[in-house]
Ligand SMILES: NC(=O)c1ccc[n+]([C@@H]2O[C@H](COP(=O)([O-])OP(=O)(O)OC[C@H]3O[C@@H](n4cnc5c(N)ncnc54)[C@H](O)[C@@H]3O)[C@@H](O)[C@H]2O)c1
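Okay, here we've got a single chain as structure tokens, the form predicted alone, with questions on binding and movement later.
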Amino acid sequence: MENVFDREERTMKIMILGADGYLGWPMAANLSLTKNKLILVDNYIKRTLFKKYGKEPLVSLPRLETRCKILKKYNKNISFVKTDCTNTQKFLNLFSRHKPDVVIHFAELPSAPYSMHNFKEGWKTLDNNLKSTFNLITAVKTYNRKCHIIKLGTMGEYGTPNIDIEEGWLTVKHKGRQQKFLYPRQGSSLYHTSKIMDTDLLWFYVRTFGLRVTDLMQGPVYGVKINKTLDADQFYPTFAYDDMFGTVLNRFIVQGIANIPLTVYGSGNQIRGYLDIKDTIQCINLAIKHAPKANELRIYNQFTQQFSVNELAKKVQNALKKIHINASIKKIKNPRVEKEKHYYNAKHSGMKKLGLKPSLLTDRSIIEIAEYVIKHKNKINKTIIQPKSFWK
């Protein structure tokens, strides 16, 4: 599946904030296969933080100025603007100049460990994430209220409540009366808390000023390949595997290949919803196609499968055996403050109803990632994998 639009659909101006990131770049590459005008925006803050904390990704990718030239072979109507989305006037000027039909908002610091590393990192997370979201809301409200905001949230906003996690909303019956509310949120880090605040801001502006917003509650993402057409290293995302910016499945695969035990935090009974990066792109394309009406906030729980950390580690161990890599699993003291044994049943039917065809986690998909890592095995830095951010 190419995950792109029907060529007969009208062309749009689509702005991607955070276009240099793990999701931003493959989303831009995928949309380059359409006739839409793309405005890519980034200020390279993630690259700055990688360097500052010594957390360089597996492969150092060229900057967007260079990579955009690759995409222009498919779509000449692509531009890149180096802008800090937290700079209010610069961002408002950029938005007013282009007046996009859709903005895909990835321009946030997506790391619980970073946000809990120390006071400065915590404040940087709150400051960056809330300012970027508020500036985007202000721009849409001021210059183009028809613009569809697609905001990447996180399943971590919900926490681990002892009831089913509904898809964004909960109907409450109390003393004979009934009201539909945003599902109660209880994030486990400052990063997740900043995302909760994002959702609250968006909901306020939707109901007060008639904005149209899709908020995607995404689980941890894994993978590198985005589709068959763009199956080459130059289209793959920034692959982080460290303790601060890496996602758990990618980290496990790197650990196995580097002959480091797969480190499971605490009991390993923590359950989360996961999805392949191909499905992230597919979901966002579906969100673009199915825009909400004015005064509507649509929320989707964006994941395809639920696993405990133990199950995930075992899946990686079994898959790597098929390519003659014997990975061990080791439990270590949990650096986080989180429930390690809990009920978890999150609903996620919304995207399937729109047409999502999930790419499920199989031995083959794990091996596909492993083959990419093996190709760059000499670049693995073993010193950046063990946790160094502690909640207490």
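In this text, residue numbers run from 1 along the sequence as written. Source: prediction; values computed, not measured.
Omitted here: the form predicted in complex with this ligand. The next part is about that form.
Discussion item. Going by heavy atom distances of 4.5 angstroms or less, which of 158, 303, 191, 300 would be at the interface with this ligand in the model of the complex?
Written reply: The residue in contact is 191.
Practice prompt. Work out which of 215, 242, 108, 276 lies within 4.5 Å of this ligand in the model of the complex, going by heavy atoms.
Written response: The residue in contact is 108.
Practice prompt. Name the stretch, out of 343-351, 39-47, 358-366, 321-329, where some heavy atom lies within 4.5 Å of this ligand in the model of the complex.
Written response: Within 4.5 Å of the partner lies stretch 39-47.
Item to complete: Using a 4.5 Å heavy atom cut-off, state whether residue 122 contacts this ligand in the model of the complex.
Response: Outside the cut-off, so no.
Worksheet item: Does residue 165 make contact with this ligand in the model of the complex, using a 4.5 Å heavy atom cut-off?
Response: Because no heavy atom of residue 165 falls inside 4.5 Å of this ligand in the model of the complex, the answer is no.
Practice prompt. Check whether residue 220 has any heavy atom within 4.5 Å of a heavy atom of this ligand in the model of the complex, and answer yes or no.
Written response: Yes - in the model of the complex, heavy atoms of residue 220 and this ligand come within 4.5 Å of each other.
Fill in: 4.5 Å heavy atom contact, residue 199 and this ligand in the model of the complex
No - in the model of the complex, heavy atoms of residue 199 and this ligand never come within 4.5 Å of each other.
Discussion item. Pick out the residues of 152-166 whose heavy atoms come within 4.5 Å of this ligand in the model of the complex.
Written reply: 152, 153, 154, in sequence order.
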